[in-house]
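Let's start with one chain on its own, the form predicted on its own, as C-alpha cells.
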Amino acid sequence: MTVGHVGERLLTPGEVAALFRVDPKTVTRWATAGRIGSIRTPGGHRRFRETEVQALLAELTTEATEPAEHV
C-alpha cells in the first residue's frame, strides 16, 4: 500500500475492516467519531496508520480475553 511518515504503512478502510471483521463503513464511522485516527489522501480517501490500528486491535483483544472480575 502507500507509505506515510517514517516509513509507516497506511491501510485502507477495507484492510482495517478485514482485521476487525467489520464492514468498511463501520471503520469510516469509527474515524468520524474519533475512535481511530485517519489521514486523508489528496483524493479525499481515508487511510489509517498500521501501528495505530494494530495497537487498537491489541487493546480490544486484550480486553476481550481478560478474565471477568467476580463481584
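The first residue of the sequence shown is number 1, and the count goes up from there. Note that the coordinates shown come from a computational prediction; the quantities given were computed from them, not determined experimentally.
The protein also exists as the form predicted together with the DNA; that form is not presented, and the subsequent description refers to it.
Student: Answer for Arg9 alone: is it within 4.5 Å of the DNA in the predicted bound form, judged on heavy atom distances?
Tutor: Heavy-atom contact with the DNA at 4.5 Å: absent for Arg9.
Student: Can you check whether Val22 is within 4.5 Å of the DNA in the predicted bound form, heavy atom basis?
Tutor: It does: once the DNA is placed as it appears in the predicted bound form, Val22 has a heavy atom within 4.5 Å of it.
Student: Would Arg47 count as a contact of the DNA in the predicted bound form, using a 4.5 angstroms cut-off between non-hydrogen atoms?
Tutor: Yes.
Student: Taking heavy atoms only, is Gly34 within 4.5 angstroms of the DNA in the predicted bound form?
Tutor: So Gly34 does not count as contacting the DNA.
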